[in-house]
Structures are given as structure tokens and as C-alpha cells.
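Single chain ahead, written as C-alpha cells, the form predicted on its own.
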Amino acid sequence: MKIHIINGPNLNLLGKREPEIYGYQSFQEYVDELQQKYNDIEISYFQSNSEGELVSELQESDDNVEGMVINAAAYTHTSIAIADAVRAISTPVVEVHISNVFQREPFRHHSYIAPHCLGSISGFGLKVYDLAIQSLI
């Protein structure tokens, strides 16, 4: 089984950016832990700060993996293009957010992506990626 993780803007700064919200671990360190835990699953990872690159990655990954996990970060609340890409592909997608978006600013309470996903998980720190993988298995 192949699962592809796609992260949006500023998630390349995990471990540095607002550690009280996002923690102190880099995402690559966490992906390495996930790969050890799920040694029978191929886990790939892509991150971009560009909306268009995220759309292209979703489209290009379709049919090459059995599931995708997306944290579109701020684009969750603004990007109809990413929502359309998720809706257009056949691969199941789980939306994740490290923080509990409902404890944050009101504009973060709406997701354009969620209606097109298998499900959404938020608020459990980096563990949301693990939970998403479990839901795809």
C-alpha cells in the first residue's frame, strides 16, 4: 500500500514555527517515525507553499497511491482550486490539521476541502497524520 502526505504553506517550518501550537519536531523526523511504525506501507511526502503546486501534486499522485493525507494549512479556508482537485481525483483523501481549528480564529472554522474528503481530523498534534493513515488502511 502507498500513502502520500501533502502539506501546504508554512508546514516546512514545523519544529520552528509556533512550537506551542505545532510542537518541536520537524515533519521529516515525524515521517521517519511513521515509516518505522508502518513498515509495510510506502509513505511519501510532499510540501509546498504554492497553491498551484499542491493542485498539481494531487492530480499527479492520483492513481499512483491508495490514499492521500492532506494538510492544506491556510489554503483549507481559501482554496477552491485545491477543493476542486480533491473532488476530481479518485484516490481517497483525508484532511488533517495539527491544531484544533475550532479553537482558533473564526475564519479557520470553514474548510472548502472537507466536503470532498473521506474525513477530517484536527487538534491532536502530529498524531493526526497517524490517525489519517489508520483510517486509510
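The first residue of the sequence shown is number 1, and the count goes up from there. Only a predicted model underlies this, so the values are computations on that prediction, with no experimental measurement involved.
FYI, the form predicted together with a small molecule isn't displayed, but the following is about it.
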With the cut-off set at 4.5 Å between non-hydrogen atoms, does A73 touch the small molecule in the predicted bound form?
yes
Against the small molecule in the predicted bound form, would S99 count as a contact residue? Criterion: heavy atoms within 4.5 Å.
yes
Can you tell me whether R17 touches the small molecule? I mean in the predicted bound form, with a 4.5 angstroms heavy atom cut-off.
yes
Proximity of G23 to the small molecule in the predicted bound form, heavy atoms at 4.5 Å
no
With a 4.5 Å heavy atom cut-off to the small molecule in the predicted bound form, the contacting stretch among 101-109, 41-49, 27-35, 78-86 is 101-109
